[in-house]
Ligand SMILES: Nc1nc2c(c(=O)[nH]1)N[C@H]1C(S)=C(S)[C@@H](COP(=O)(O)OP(=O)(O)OC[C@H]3O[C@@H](n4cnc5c(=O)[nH]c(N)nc54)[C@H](O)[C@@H]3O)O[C@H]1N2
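In the form predicted alone, a lone chain appears below as structure tokens.
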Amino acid sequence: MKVKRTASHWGSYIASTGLQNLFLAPDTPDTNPSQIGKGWVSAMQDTDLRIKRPAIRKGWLDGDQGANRCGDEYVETSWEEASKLVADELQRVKTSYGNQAIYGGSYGWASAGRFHHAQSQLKRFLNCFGGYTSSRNTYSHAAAEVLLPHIVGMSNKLFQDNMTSWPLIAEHCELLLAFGGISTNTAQIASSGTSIHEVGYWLNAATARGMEVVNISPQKSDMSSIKSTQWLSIRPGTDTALMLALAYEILQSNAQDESFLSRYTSGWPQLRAYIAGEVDGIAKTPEWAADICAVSSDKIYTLGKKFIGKRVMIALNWGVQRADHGEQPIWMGLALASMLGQIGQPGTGFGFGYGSTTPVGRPAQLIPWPSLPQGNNPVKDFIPVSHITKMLENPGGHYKFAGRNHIYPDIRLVYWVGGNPFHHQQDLSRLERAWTKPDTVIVHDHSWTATARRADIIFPSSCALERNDIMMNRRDPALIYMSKLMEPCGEALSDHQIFKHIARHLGFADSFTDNKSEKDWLRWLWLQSKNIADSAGFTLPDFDDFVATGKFETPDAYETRVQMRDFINNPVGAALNTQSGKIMLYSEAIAAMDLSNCPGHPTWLTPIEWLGCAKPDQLHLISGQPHARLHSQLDNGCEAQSLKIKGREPCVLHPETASRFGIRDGDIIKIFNQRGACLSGVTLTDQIRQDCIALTTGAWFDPQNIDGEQIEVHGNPNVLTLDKGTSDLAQGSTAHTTLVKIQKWVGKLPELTISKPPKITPMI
């Protein structure tokens, strides 16, 4: 009997159908399934917000040159007309301005399937067309992506793949310092899909054995699943200062491992001199850090003493580096672990990203499963991924990235597939203004998201439940056949089919499809997978058998790793790919860049916005990931909707803070700063600092003019966040460097427009 399964970034499921609806049950052996999945079907069956036919913005047809792009009506049209219009527009831009005038935007989270991976489909199509301006790195961990090759000689991907495994932490670690916590929200997800969720299991196993956990975060809830956790309530953005003070205490106790530092690191003398105050005259003492971090010096002394004689893991959440000077806590965390001399040992050392997605530290064999070939992009122009606003604002403008000077291209056409920049990007009002500048914006989406409503030509794409695919994640022990479980809504097609339509008009349909149908491509992926499995020492079933069962579990998949173990065992023969061949505590290459915002060794640098310079009525905004959706996906689903307060995204305040502003639980408040304002419903808890407010990301962007003021009425924090790079090194996003004010909303509560489709003229 054929078992119908599917998979997503938040889990894998067995499908069944009742009298009315499709039902998805978490697949075994997932004993801790994600809450996100409960809202999947309802979001995809929201026919009011599903895009049913190709549509063209009325103002674009009238030649408004983008002026009304962010609030216009649409006219439905046929697939033939829409695909011909897009083909003609692509050809016009290419002929007049060159392929570098096309920006291909996608963020890769549209589907866990390897074939219907929207980013891969977009890149393949645009490469067949002659290329496009691309983006580098991610919103998630851009600071690490640029810094880690300098200091450990590994890409972020390689570093994440080789993270010390959870079972070894559970068995050997005695003290886990979790900077930014280990969040149950982000531990639900994986970028290529997941069949299990085990972060909580391993944490509980470790603490049951006696491992001590210190959650260093503005929110106690960042380690809510571990009740015995000590909470060190630090000011946001001051982790580097605390690490420096802990390093100072290790020095004062003469507890640093000089043998390790001499043999395995370079640059220790320079960093030591900075910690001791020999460079700037300021010793990085607990008293010094106490004023910065708003943590008493006694608590810092006490924490510093905990290191002595303990087996320690220094762990950083990805969110810690999404802040001004986000490179510094990564670098200093590695330095702190190096001082303890426990890198390369089971269960100790330095970790980056535990719980930030569920597979980090997973004890599973890594298998390089295949993906859709994307071809080569001959266009060399690119931007850091979070620089889209700056690119659109400043064609021909200069910026620094990774030690080099770059120029923003002049973008005439934006093609966006599988993503929502009006969720990911900071300072959305600024993006909205810049979004009107290109000649044309083309978008594929399954629903009327904020980005879809800002397209000139919008194609309805099918969702993952409406097509067949295969989940393949090199960090997951299972392969899942994702069966089609629903018929596509309206005239929706897969991204591959949409690109095929357009490619036919441009004359390269055969090269884009490689003369394969979608089913042929799935069989091709499986054939490549069989070859990879044979090399790994096991055999995959025939494709039809795999389709019938819906799942293949890799035999002997259990495998543990220790970060940098080979280097520690053989520092000469397995030297790191850095300037010195060692861990770089001081980088001559970075120092030579002469960047005021990223010196040659870990340094405390004052953030551009922080509580240390805040006015009495300002709070620090924490905008982490939500619990009931992934980014902005499924915001219209039943789970995300059930948490709303009067239809608004909930924020979190300390009861004392709320009382100071005359606010009660369940009230609607306006959160605002010089960049923008949004409305949010209040929930109260004592698990957050009194000088902070937390508002999760992903509420669908809904800006409205209320009595002459532009207010986002749904609760999207990215109207408030600062669009500034972490530094001229990495240019990562700085969403967690944001100060805001709050006040109780006493006016009439505006209706949401994002919960209804835009005005559409049906095709006759």
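Numbers follow the displayed sequence, beginning with 1. In this text, all values refer to a predicted model and were calculated from it rather than measured experimentally.
Not on display, but discussed next: the form predicted together with the ligand.
K.L.:
Can you pick out, from Thr440, Ser356, Asn137, Ser529, the residue that has a heavy atom within 4.5 Å of the ligand in the predicted bound form?
P.N.:
Of the candidates Thr440, Ser356, Asn137, Ser529, Ser356 is the one lying within 4.5 Å of the ligand in the predicted bound form.
K.L.:
Only one of Pro477, Pro384, Gly419, Gly131 has a non-hydrogen atom within 4.5 angstroms of the ligand in the predicted bound form; which is it?
P.N.:
Going through each option in turn, the one that passes is Gly419.
K.L.:
Residues in which of 22-30, 60-68, 701-709, 733-741 have heavy atoms within 4.5 Å of the ligand in the predicted bound form?
P.N.:
Stretch with heavy atoms near the partner: 733-741.
K.L.:
The ligand in the predicted bound form: within 4.5 Å of a heavy atom of each of Ala110, His424 and Thr697?
P.N.:
Yes: Ala110, His424 and Thr697 each sit within 4.5 Å of the ligand in the predicted bound form.
K.L.:
Examine Gly237 and determine whether its closest non-hydrogen atom to the ligand in the predicted bound form is within 4.5 angstroms.
P.N.:
Close contact exists here: in the predicted bound form, Gly237 approaches the ligand to within 4.5 Å, heavy atoms only.
K.L.:
Any of the heavy atoms of His631 lying within 4.5 Å of the ligand in the predicted bound form?
P.N.:
Residue-level check for His631: yes, a contact with the ligand.
K.L.:
Can you tell me if His627 lies within 4.5 angstroms of the ligand in the predicted bound form, counting non-hydrogen atoms only?
P.N.:
Yes, His627 sits close enough to the ligand in the predicted bound form that at least one of its heavy atoms falls within 4.5 Å.
K.L.:
Under a 4.5 Å heavy atom criterion, is Asp495 part of the interface with the ligand in the predicted bound form?
P.N.:
Residue-level check for Asp495: yes, a contact with the ligand.
K.L.:
Scan 159-192 and note down the residues that get a heavy atom within 4.5 Å of the ligand in the predicted bound form; none is a fine answer too.
P.N.:
Residues within 4.5 Å: Phe179, Gly180, Asn185, Thr186, Gln188, Ile189.
K.L.:
What happens to the Cα distance from Glu553 to Gly108 in the predicted bound form: does it get closer or farther than here, with a change of 3 angstroms or more?
P.N.:
Residues separate in the predicted bound form, at least 3 Å farther apart.
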